[in-house]
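For reference, the chain that follows is the form predicted on its own, supplied as structure tokens.
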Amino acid sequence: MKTITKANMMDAIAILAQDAQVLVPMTVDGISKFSLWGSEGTLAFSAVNTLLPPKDSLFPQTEKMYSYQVENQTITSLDIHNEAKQQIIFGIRPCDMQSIQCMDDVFLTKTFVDDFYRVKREKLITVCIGCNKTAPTCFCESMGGSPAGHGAADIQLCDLGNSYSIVAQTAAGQAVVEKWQGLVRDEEGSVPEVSCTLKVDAQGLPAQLSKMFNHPIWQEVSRKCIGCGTCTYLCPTCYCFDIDVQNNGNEGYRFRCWDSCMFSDYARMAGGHDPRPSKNERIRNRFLHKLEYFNERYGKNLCVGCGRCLTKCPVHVDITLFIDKVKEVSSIESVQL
């Protein structure tokens, strides 16, 4: 197999940084996230996963959409801001790679294409590093993934100890590997097996949930939620956003920014009606979106099993325990029938 030593990895990244913005896992001010190679911070390649997912590389937390100037109620200038630079996410984990596939489904398929997302996605190369260990909160296997790697990444690396195995999985990935000539070598080796210790049974979950819209389970699971939105902001697949405008006299700009379906005013309509007036309806919508609705529309779960929400929810709302409860309900009701 083709490999590259960990000692040569920095040289490999430096080569890529000559032609693109390279984002790598780093700890900055105590927060692990994907940051620009060469910026201030500590490299965090050994972390199981970053606290903040890399989704803002494609879907920024705040994104200016267009600027304008007006004079006498006539538009005199209109600039659309949808240009993108070549980006490489180096060190993305398999669960986060799956999250990009989910975002692709949302922003690029089913007859609708979001150009702001598209231009960034077309200029993105992903270098995935398979996990050689998992956190107690990781459960990607139960959501259909694998900690070993992801077939959609342009390049798949696996940790062999002192080196990484290299597999180019796309033409773009092959072009990157060719830039590493002199750093890559052939050697014998085997990829270590790794598995998540946290497992849930998600088989048949969408069908089961489709019959539970009015079930009392929602009152039980939503009781302790405080509606802070932490789960949605750390989730690699949450994509709720709001669009607003900043006017400054005769000029201004329109922008979009992340929002959260867990906030009390998110679904409120003009006139004041709110179809999700309590946290009962809001957490029901969140879990059904992750585990039923997205599966029905795109054929996959919107939860990728990264475990971030399990780790950081201040009141320990746990989607894996919710799945277990749904399974218990299914078993009990089957016996009663």
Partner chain sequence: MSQCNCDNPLVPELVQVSHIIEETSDIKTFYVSTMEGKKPFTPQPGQLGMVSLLNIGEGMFSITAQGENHLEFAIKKCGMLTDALHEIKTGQMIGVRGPYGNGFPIEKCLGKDMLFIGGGIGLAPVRSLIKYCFEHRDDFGSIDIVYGARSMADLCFKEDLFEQWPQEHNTKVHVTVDSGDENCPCNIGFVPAFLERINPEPQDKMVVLCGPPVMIKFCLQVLKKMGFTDDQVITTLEMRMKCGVGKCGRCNIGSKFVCLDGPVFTMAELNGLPNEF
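Please read all numbers here as calculations on a predicted model, not as lab measurements. Numbering follows the first chain given and starts at 1.
The protein also exists as the form predicted together with its partner chain; that form is not presented, and the subsequent description refers to it.
- Checking 154-162, 250-258, 181-189, 87-95 against its partner chain in the predicted bound form, the stretch whose residues place heavy atoms within 4.5 Å of it is 250-258.
- Each of Tyr66, Thr74 and Glu296 places at least one heavy atom within 4.5 Å of its partner chain in the predicted bound form.
- Of the heavy atoms in Asn82, some are within 4.5 Å of its partner chain in the predicted bound form.
- The closest heavy atom approach of Pro275 to its partner chain in the predicted bound form falls within 4.5 Å.
- Though the partner is left out of this view, Tyr233 does not reach within 4.5 Å of its partner chain in the predicted bound form, counting heavy atoms only.
- Interface membership of Ile243, defined by any non-hydrogen atom within 4.5 Å of its partner chain in the predicted bound form, is confirmed.
- Interface residue among Glu220, Asp201, Glu122, Asp115, judged by heavy atoms within 4.5 Å of its partner chain in the predicted bound form: Asp115.
- Exactly one listed residue, out of Ala172, Ala207, Ile226, Leu78, brings a non-hydrogen atom to within 4.5 Å of its partner chain in the predicted bound form: Leu78.
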